[in-house]
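Coming up is one lone chain in structure tokens, specifically the form predicted alone.
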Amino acid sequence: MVSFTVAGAALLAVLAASSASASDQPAPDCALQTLGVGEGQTLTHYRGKVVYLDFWASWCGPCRMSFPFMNGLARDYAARGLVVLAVNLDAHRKDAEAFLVRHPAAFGVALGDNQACARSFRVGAMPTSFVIDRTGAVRAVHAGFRPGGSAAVRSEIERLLAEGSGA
């Protein structure tokens, strides 16, 4: 399980409050074991694409609500250059696999030991999502999941997709 610190939670709260202008800092380049892709896939592999990176765990109630939302993002925006990637933080892979049976994912899912990646992103809440632009910069951070906030997230993604398309 990720160790949550008061300082990390405070930083995340500040970033989440500023959402759309989160930081424009480069996203850490984590190596992930993504189902269907293989081991050692890093985030730089997705440069040139907009990435919705979500950290989740099977015990997280709001994560159950976020999976249908992420399925919709993948369905609606993949052809325009969006990659949805969910990074699991469960201590036991079997817990994540059982969750995925109940809440199927139509997007990339990273299972395995992802704690170092979560620490590098300073994840302090479940779920936490990062919207990363085509250059690899974090442009928005969303701590928790609220269905009422999905229109704002879609707007952020559409804006970033348009930035790189010449639209």
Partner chain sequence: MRRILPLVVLVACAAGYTTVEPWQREVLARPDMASSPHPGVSAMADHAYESREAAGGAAKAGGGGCGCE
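Everything numeric in this text was worked out from a predicted model, so none of it was measured. Numbering follows the first chain given and starts at 1.
Although it is not shown, the form predicted together with the partner chain is what the next lines describe.
- Across the options 114 to 122, 101 to 109, 129 to 137, 44 to 52, residues that bring heavy atoms within 4.5 Å of the partner chain in the model of the complex belong to 114 to 122.
- Although the partner is absent from this view, V84 stays clear of the partner chain in the model of the complex, with no non-hydrogen atom inside 4.5 angstroms.
- The closest non-hydrogen atom of D95 lies within 4.5 Å of the partner chain in the model of the complex.
- Contact annotation: A91 falls within 4.5 Å of the partner chain in the model of the complex, judged by heavy atom distances.
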